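Given as C-alpha cells, the chain that follows is alone and in the form predicted alone.
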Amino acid sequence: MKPRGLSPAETVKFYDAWGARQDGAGYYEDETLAELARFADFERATAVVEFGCGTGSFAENLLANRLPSEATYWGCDVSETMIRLSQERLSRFGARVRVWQSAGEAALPLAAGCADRFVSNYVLDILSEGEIRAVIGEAARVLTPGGLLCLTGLTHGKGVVSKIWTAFWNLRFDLNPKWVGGCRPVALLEFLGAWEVLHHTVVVARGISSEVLVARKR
C-alpha cells in the first residue's frame, strides 16, 4: 500500500481550503454511499458515530431519510471548515447531533459501547496503514456487541477502464498528493480479519473504483 501522501497538518490545510467543493465528488461517491446505506441497516440504528464527517452531507441524508427519529449522530473531522459546514447543515436536527473537531487522533472522546453504527466515508484512504488499524480498533471499542462498521473508500481498479483510472490516479498521487487530496486506492478488507463481513463490493462510477464494506463486531 502506498504511504500516506499528506502529513496530518497538510491534510487539515487542504480540506480547510477545499471546503464545500468536497460535495462535488458526488459524481463517483453518491452511488457508493447509496450502496452503503442499503446494507448498513440504518433504519434500526440508535446511535451513529462518523469518523470524518466532511460537509455533513451523508449525515444529513441519514438523519432526514433513514435513521429513526430518536436516533442520535456524533461526527468528527480535523478540518475547521468541515466542522463549520457540518454544524450549519445539521443544525435543524437539534440535540440529536454533536459535531467535534479532532486533532487527527484515532481515539475519540466517547464511552465504550456507545454506538451501534461506526461510519467512515472516503477517509481511511488518506491515512497510513497504522492509522487505519487504529481507527478500526477504535471502532471496535466504541461499538456495542453486534454493532456495524460501515466503510467506503477508493480502492483498486475493477475492469479495464477502472484499472486505467487507478493507474492515472496513482500517477497523480505520486507526482503531487495534493492533486488528489492525499487519497489513494486502499484495500480495506485486508484490515478486517477480526470482523464478520456482512457486505463487501466494489462500485465503479465514472471509471473510479470505490470499496463498500459493512462488518459486524464479533
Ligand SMILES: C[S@@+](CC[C@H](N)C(=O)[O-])C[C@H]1O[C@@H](n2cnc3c(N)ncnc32)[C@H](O)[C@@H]1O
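Computed from a prediction, not measured in an experiment: that's the story for all the values here. Start at 1 and count along the sequence shown; that's the residue number.
In what follows, reference is made to the form predicted together with this ligand, a form of this protein that is not presented.
- With the partner omitted from this view, the residue of I132, L148, M82, A115 that lies near this ligand in the predicted bound form is M82 [heavy atom within 4.5 Å].
- The partner is absent here, but in the predicted bound form a heavy atom of L127, alone among L127, V97, L143, I136, sits within 4.5 Å of this ligand.
- Residue contact with this ligand in the predicted bound form: E29 places a heavy atom within 4.5 Å of it.
- Residue contact with this ligand in the predicted bound form: Q22 places a heavy atom within 4.5 Å of it.
- The shortest heavy atom separation between L90 and this ligand in the predicted bound form exceeds 4.5 Å.
- Shown alone here, G54 lies within 4.5 Å of this ligand in the predicted bound form, counting heavy atoms only.
- The stretch in contact with this ligand in the predicted bound form, judged by heavy atoms within 4.5 Å, is 45 to 53, chosen from 155 to 163, 171 to 179, 45 to 53, 60 to 68.
- With contact defined as any non-hydrogen atom lying within 4.5 angstroms of this ligand in the predicted bound form, the contacting residues in 109 to 135 are N121, Y122, V123, I126, L127, given in sequence order.
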